[in-house]
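Below you will find one chain, with nothing else, as structure tokens; this is the form predicted on its own, and questions on how it binds or moves follow later.
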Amino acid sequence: MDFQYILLLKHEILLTLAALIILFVELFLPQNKKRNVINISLIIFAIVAFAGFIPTAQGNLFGGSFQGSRLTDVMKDILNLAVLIVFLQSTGYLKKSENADKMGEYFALIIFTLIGMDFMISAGDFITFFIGLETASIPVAGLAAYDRYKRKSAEAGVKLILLASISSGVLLFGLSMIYGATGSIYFADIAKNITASPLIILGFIFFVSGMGFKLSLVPFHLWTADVYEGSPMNITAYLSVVSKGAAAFIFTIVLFTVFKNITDLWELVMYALAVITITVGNLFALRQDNIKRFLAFSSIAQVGFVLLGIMGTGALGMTSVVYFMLVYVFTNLAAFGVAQAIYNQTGVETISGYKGLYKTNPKLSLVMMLALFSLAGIPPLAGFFGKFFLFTSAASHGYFILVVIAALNATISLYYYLLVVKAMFIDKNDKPIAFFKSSGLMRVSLFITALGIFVVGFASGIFEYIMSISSSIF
């Protein structure tokens, strides 16, 4: 095996080394210097994230079980970037006294889940896909229950692990049917032999049901708001952006490659799921006051919009999904970053508690406003361009009614996003949140996200590059 092909595993190898180094560093640091683990971990992961952008060869490993391409590298780089921002936003939380003895394991657990996501994205067969999925899922339950002395956090962890187990069982059952019908677990072989037989259709339904849980598609979304509310704010951000982004990437890859010969079948399923997911997510978001539940239902609606890109199929569909997830990283993490900064300082996590925030903390209010406007798809922010390409992808295949339904739902989403803006900028409050100064690393993360909300939208070269590497696989 040539060394250049081993470099196909550069993301996975670097992440594994990073996790092990962080654990060993924490183990040997004296008690009075344990907090240095935070800065050391940030430096190590920043190096890993930037090293991921170094171009390497393309090809297959382990008999086709692992596939490396420029597109999968871009997907992994997007996830690395998102995790780096999450780490920057987590420093205030980790420095609390109750977390003094578990800082290293926090970084290690997230990195281990990221390794699983990377293997899942590069999977060339359903065994590697499933192992990567479970490697990514199991540690997340521990992260959801990270505040072990808080009932809601423990409840979130239990709910997540139980429901994840059920969804994995459903998914695995569907994969076994697909294997039974085609006689192979390899994506390329299944794509050649797949037909719209009853067994394949049933297996596909189970597959979509299992992945629907990971993506929080309606009606598989019921766990989302409770787990998001119970988890620590930084873990909620991780679940909303990184975990969901990885699931969206592999879901798109499998649909476009494995099930490409039965596109007529799964496009009908995606059509129905898109309509109900966007609509239910928006309607439930209207009723929320807790900021984490609010962003949970917002993220459900955003995944519904991602399905519009998938409806387009081909290079444009893949490009629109990857590009939108890049925009989503900056946009959603900006919103979660502001919410986390406020919660760490004041303990407030309700929208009603944000009333009058602009008078005391104008910079945080402006970042939150930019994030919400981008989520709503208001030009000239990046969220507008992300949704525009998703709509274009669906329209290119004649799904004009779906685009109209999505546009109407975008109007509904603008209303509830404006409710938060109204609370911060217009509503009066005799005792608004007092002025406070966020930590330096939190400010850095918010600057990165705010910059991304502007730059990614206007930098047309990003979309064109993703389109060029997506075209090479179709």
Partner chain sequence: MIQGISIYHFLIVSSLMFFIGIAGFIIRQNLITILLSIELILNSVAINFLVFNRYLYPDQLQGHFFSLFIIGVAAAEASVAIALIINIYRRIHGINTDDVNEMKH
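Numbering follows the first chain given and starts at 1. Because the structure is a prediction, the values reported are computed rather than measured.
Just so it is clear, the following notes concern the form predicted in complex with its partner chain, a form of the same protein that is not shown.
In the predicted complex, its partner chain stays beyond 4.5 Å of every heavy atom belonging to residue 282. Although the partner is absent here, residue 116 sits far enough away that none of its heavy atoms falls within 4.5 Å of its partner chain in the predicted complex. Among heavy atoms of residue 271, none comes within 4.5 Å of its partner chain in the predicted complex. Contact check for residue 230: a non-hydrogen atom falls within 4.5 Å of its partner chain in the predicted complex. The stretch in contact with its partner chain in the predicted complex, judged by heavy atoms within 4.5 Å, is 157-165, chosen from 237-245, 339-347, 311-319, 157-165.
By the 4.5 Å heavy atom rule, the three marked residues 126, 152 and 184 all count as contacting its partner chain in the predicted complex. Scanning 206, 259, 251, 391 against its partner chain in the predicted complex with a 4.5 Å heavy atom cut-off leaves one residue, 206. Interface residue among 396, 197, 176, 263 relative to its partner chain in the predicted complex, by the heavy atom within 4.5 Å criterion: 176. Using a 4.5 Å cut-off on any heavy atom, the residues of 216-233 that reach its partner chain in the predicted complex are, in sequence order, 222, 225, 226, 229, 230.
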